[in-house]
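A lone chain, given as structure tokens: the form predicted on its own.
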């Protein structure tokens, strides 16, 4: 065994060549990967990173796994994503922007891109199209949810990828994690919250800090949106307040039309 090889239960483990890319985003998800110094060295030891603009100057197009942050909002981004997909054996979407369109897709709700561009950029010419998740352009093998992603979850996913183990996400909602953390329900504190219908896995990150969930991880399995609407109404929150949260990150797009129709009844 060479000095560069790592083992798991005595078996040599190959370090995959990994590249990180970003499109329209704040790049906060990539920063999350570098923030936890306590485990950073061990995390990086699992990988042979060949392209990571925020962490290194060297670049290579020879990689096996591509981690991609950000939504697609320009034609050239779509073409670059296709090139990344062609090179990568595994493409991983990281963060709400890559998985759902993220906060960038809020402009889509106006259904008038020309008006949005005028409001934001005035007469300055800018290329910008409807914000789209990566999966709308190319096949995505794996999604890591959140805005931003949680470093601990990424480490677990990457470890399982390297070891060839299955990657499973909780099917229950954030409320379960909230109760496990002995939190006071945010509704009882006068805040709207999407915890009852949002995919768990964040350890109730926002509710544990007294902030109602905005659904950045997308829907849990079989989310009961109608029941949440009833809960919202019982606590004095309107359909518009609920829609603001459902539309924020793009993960609940399939339920928005249903709620808007119900609001007109």
Partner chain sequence: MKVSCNIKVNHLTRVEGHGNIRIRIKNGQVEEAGWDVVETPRFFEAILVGKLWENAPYLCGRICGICSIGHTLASIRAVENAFGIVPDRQTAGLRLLLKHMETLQSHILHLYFLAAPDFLHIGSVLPLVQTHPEVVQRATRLKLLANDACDIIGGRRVHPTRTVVGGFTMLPEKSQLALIKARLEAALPDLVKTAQLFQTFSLPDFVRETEFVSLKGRDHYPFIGGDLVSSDGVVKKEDEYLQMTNEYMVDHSTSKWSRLSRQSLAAGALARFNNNFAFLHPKAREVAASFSLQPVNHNPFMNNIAQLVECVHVVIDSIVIIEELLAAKWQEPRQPVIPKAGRGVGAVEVPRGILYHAYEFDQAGRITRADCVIPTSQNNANIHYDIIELARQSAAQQRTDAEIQRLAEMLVRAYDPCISCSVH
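Since the structure is predicted, the reported quantities are computational estimates derived from the model, not experimental observations. Residue numbers count along the first chain shown, from 1.
Beyond what is shown, the protein has a form predicted in complex with its partner chain; the following relates to that form.
Although the partner is absent from this view, residue 137 stays clear of its partner chain in the predicted bound form, with no non-hydrogen atom inside 4.5 angstroms. In the predicted bound form, its partner chain lies within 4.5 Å of some heavy atom of residue 103. Taking the partner from elsewhere, residue 79 is found to have every heavy atom lying beyond 4.5 Å of its partner chain in the predicted bound form. In the predicted bound form, residue 63 stays away from its partner chain, with no heavy atom inside 4.5 Å. Although its partner chain is not shown here, in the predicted bound form the stretch 114-144 places heavy atoms of 115, 116, 117, 119, 120, 121, 124, 126, 127, 128 within 4.5 Å of it, in sequence order.
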